[in-house]
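Quick heads-up: it's one chain on its own, the form predicted on its own, in structure tokens.
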Amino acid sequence: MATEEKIRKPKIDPDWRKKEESFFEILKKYPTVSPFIITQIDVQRRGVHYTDAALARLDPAIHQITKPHFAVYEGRGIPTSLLLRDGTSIIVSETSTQTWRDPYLIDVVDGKTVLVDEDRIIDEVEYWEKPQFFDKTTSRGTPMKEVLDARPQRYSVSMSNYCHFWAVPGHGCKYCGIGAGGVRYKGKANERFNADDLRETMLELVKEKGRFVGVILTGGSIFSGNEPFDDELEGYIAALKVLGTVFETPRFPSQVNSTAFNRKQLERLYYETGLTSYTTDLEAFDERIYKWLCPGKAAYISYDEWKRRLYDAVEIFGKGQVNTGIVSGAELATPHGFTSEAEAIRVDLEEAEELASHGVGLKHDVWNVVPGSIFWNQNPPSLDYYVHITKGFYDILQKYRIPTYMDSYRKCGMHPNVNLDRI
């Protein structure tokens, strides 16, 4: 396991608050954007730190717990993530506890668990509760929490903890921490799920009535097969067939987030399983930056070909059932990213409109600096940039009447622009 010494962390800029508009200024600047969504964005952008009082409220019998790699927590568990009062999920990973900006503080004030910045309470928060199946094991002795992961609203299947792009020097995505430092996920372990484990865990999961509204399957890219990525495709098909055995309908709320499959592969994915929706992420809405950020992807599938495969997916799955996204902010990384936030916003929105005009849904993930990634010492953009992108993407979805139900706050909760549909 990586130690704190092995995971490099960027140094906080003591003057960062003087260089950009504050959280409260942004609230006033964007009155039509929910303050909960703005809070979600900024917490994901800056990360959090937990006080001893906040950690004392963490109950292993109730909450999902993550074991962090940072010595600051002295080996204790921390909450897997957070919920705001309106149900908005804040995806705060254990790696995003220190950035160029001061992290938010999770503390206890007057008996309430709260989000704090500069001694000012922003809002109450809750810790994610774990599902009941997390405490059970399969007949093979596998802990079910290792078979399926869960957010408050959905469960997920991790198809592979190893991305083959990292097997080729220089081909890993630069914002990603999976393989950059060799500290985790090294090797090809767990590239295939166990069908019995998955089926038994699903039978326990469906007993928890009303909690989960969908499943997502995702994992690292696998090159091999008769055609590139055929083996990756076969894994998804096999897993979806197992999942389908516990449902009475031929199709069930589900999403695959994978490499961009070609048309023949997409048709197999749709017609041979009960899959309802499909995501494949371009990661950047600019060909030059796509090649720089994701050299492994670009080596196998060109930017224009990735887009063509998205358009094919819309024809197969239907409008409103296909998404693509970006790691928003990574396109501003140095030295080859955009030189201004205004330029990044303009290019992102122009390409977003092109994609949406072909029926492709839009989403974005808030980039936080991941220790161990190639971009470990980069400085993410301002809160204003993120809120502008959030509103811009949502407005484009509305313009082209692309529904958001495949990745809505009820099925995911991670993407700020999609979350605006709950308001």
Partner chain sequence: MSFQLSPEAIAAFRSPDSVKIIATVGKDGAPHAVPKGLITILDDGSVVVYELLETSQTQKNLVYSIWFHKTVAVTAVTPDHKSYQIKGVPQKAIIAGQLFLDAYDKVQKLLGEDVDLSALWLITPETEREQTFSTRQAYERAAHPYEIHIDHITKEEYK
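Worth saying up front: this structure is predicted, and the values here are computed from it rather than measured. Numbering follows the first chain given and starts at 1.
From this point on, the text means the form predicted together with its partner chain, which you will not see here.
In terms of contact with its partner chain in the predicted bound form, the residue from Val314, Leu349, Leu83, Leu105 that brings a heavy atom within 4.5 Å is Leu83. Considering its partner chain in the predicted bound form, the lone stretch of 49-57, 25-33, 354-362, 380-388 in range is 25-33 [heavy atom distance within 4.5 Å].
Remark: Ile37 counts among the residues lining its partner chain in the predicted bound form, judged by a heavy atom distance of 4.5 Å or less.
Interface residue remark: Arg410 is counted as part of the site for its partner chain in the predicted bound form, having a heavy atom within 4.5 Å.
Remark: Gly77 does not count among the residues lining its partner chain in the predicted bound form, judged by a heavy atom distance of 4.5 Å or less. When contacts are judged by a 4.5 Å heavy atom cut-off, Gly210 counts as touching its partner chain in the predicted bound form. Three-residue candidate spot Glu126, Asn419 and Arg422; every residue lies within 4.5 angstroms of its partner chain in the predicted bound form by at least one non-hydrogen atom.
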